[in-house]
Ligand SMILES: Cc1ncc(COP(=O)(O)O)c(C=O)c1O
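We begin with a single chain expressed as structure tokens, specifically the form predicted on its own.
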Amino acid sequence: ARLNRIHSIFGTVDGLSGRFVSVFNYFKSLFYSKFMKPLRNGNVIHDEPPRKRFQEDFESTPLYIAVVTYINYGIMIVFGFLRDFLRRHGFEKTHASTEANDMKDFVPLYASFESFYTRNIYNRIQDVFNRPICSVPGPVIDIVERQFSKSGWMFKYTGKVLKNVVNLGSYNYLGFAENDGPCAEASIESIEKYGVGVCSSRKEMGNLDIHVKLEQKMAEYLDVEACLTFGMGFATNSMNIPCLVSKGCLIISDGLNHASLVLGCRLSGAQIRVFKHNDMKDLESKLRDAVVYGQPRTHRPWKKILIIVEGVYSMEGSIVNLPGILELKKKYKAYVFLDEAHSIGALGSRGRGVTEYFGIHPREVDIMMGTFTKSFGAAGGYIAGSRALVEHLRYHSHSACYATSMSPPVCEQIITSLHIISSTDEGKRRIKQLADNCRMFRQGLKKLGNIVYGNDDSPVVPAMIYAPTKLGAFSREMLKRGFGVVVVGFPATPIAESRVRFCISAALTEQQLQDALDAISDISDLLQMKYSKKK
């Protein structure tokens, strides 16, 4: 009876009610698109971009590649256990951290598969991670050379510096990671006025006028009522989600959400359910069950339901199906938390993120979150939305109440870059250049025969490597040819889906990207990485 009541309210997927709603919504959208102009702050907007159709590409893994990858891991795990046996009995020296002798009868404090993976696999390719950079992290970088021991546990600096390495791994989407120009000059002036550190929280003696100005500018840019900024992007998620939901609430989270979102969900005390990445059918199934059955055991209605998604997913290069998410949000009376860390500044004709990309007004999203660490070339994060939301977080967020305020030069970097993005031809040029670079590079990889994940407009471009033995080899070969890349494996990705993650910047030239594609083609032939079956 309860299910029938829900169907009578929301309609079934293939029932008459669902078909009636679909037809009604079609004619309603047709009417508004033909005869009505969208409104923003009570004013008619004449240049609202058309809504984009949702699309993404996830070519399936060839069966033989999946089998070979698991065989690789199987061989490494067998030899890993054999080497652990030899270490335990003194036949091989132990380089890893171990428990003290007087604690041998205790349960190991940090024994896990992750530590096993670190000892026996990660350290073999450790030279391709944590490379020390001694220059501005712009389109080209200087890398300090290191020489590793055969075991991978020790290294020494050779004293050499690898100059002018093309940077294909930083989140410098709009090229604002600079040590000269208007942003750097404005930051230097702010140091002369405010100094570098604030030495207090916003609730005490650390609320500067520059912080208030930044929040006002950001709210205007996003076209929302208010905005609250924080000094750390990770904490913007992990410390604020617990302020929005608690015991008796339900979080429905995308299966590929960032670790900061996952931590925030766990700290909240709310029930957590995970839906398949960008799968609207699975999301609707979980929403319907939540409405029909309520809380476990008591079956009381949930206090609130919060859907948490990202704008651009940092490991998959995919863009959230925001139109589908908002349709289900309205249908089931849920709230939406949108993390725009990788999409703000990088998507949309004016850089306003995934909402502008799909032609959706930001006020349709309940909680807008983003960071300043990517497109703005700075640090920190923000949450924007209604004034009631922001005031609630201002007085209840641990990150707002107890963390030290954002450094003034960082604030000035954000304000200046925001002005360039929103109000100058240079900002428009950078946004367009980023979009052109993303499409050119992604299409180039596909033509080479690499399997590339995600959306064509995403600045994150993952190319699949699969075999863990190829991760280190690919990165080293790219560095030999003058390109710095980021390779990613377990635990950041599923164990059999190792990849190279390219992050494209507007500061990169077409020639640099073409040279990179030529190098990738040569290395892909060498390592047999052209897995795609698409013509």
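The structure presented is a predicted model; accordingly, all values stated were derived computationally and were not measured. Residue positions are given as counts along the sequence shown, with the first one as 1.
The next section is about a form of this same protein that is not shown, the form predicted together with the named molecule.
Engineer: Quick check on this chain: which one of Ser458, Thr355, Asn237, Ser417 has a heavy atom within 4.5 Å of the named molecule in the model of the complex?
Structural biologist: Going through each option in turn, the one that passes is Asn237.
Engineer: State the residue from Tyr122, Tyr221, Tyr332, Tyr171 whose non-hydrogen atoms include one within 4.5 Å of the named molecule in the model of the complex.
Structural biologist: Contact with the named molecule in the model of the complex is made by Tyr171 alone.
Engineer: Would you please decide whether Asn167 lies within 4.5 angstroms of the named molecule in the model of the complex, comparing each non-hydrogen atom pair?
Structural biologist: No - in the model of the complex, heavy atoms of Asn167 and the named molecule never come within 4.5 Å of each other.
Engineer: Using a 4.5 Å heavy atom cut-off, state whether Thr118 contacts the named molecule in the model of the complex.
Structural biologist: Contact with the named molecule, no.
Engineer: Hey, in the model of the complex, does Ser253 get a heavy atom within 4.5 angstroms of the named molecule?
Structural biologist: Flag for Ser253 set to no.
Engineer: Just checking whether Ser405 would be counted as a contact of the named molecule in the model of the complex - the rule being heavy atoms within 4.5 angstroms.
Structural biologist: Contact with the named molecule, no.
Engineer: Within 4.5 Å, heavy atoms only, one stretch in 206-214, 142-150, 127-135, 307-315 touches the named molecule in the model of the complex. Which?
Structural biologist: Looking at the partner contacts, the answer comes out as 307-315.
Engineer: Can you tell me which bits of 228-267 touch the named molecule in the model of the complex, meaning any heavy atom within 4.5 Å?
Structural biologist: Stretch hits, in order: Met232, Gly233, Phe234, Asn237, His258, Ser260.
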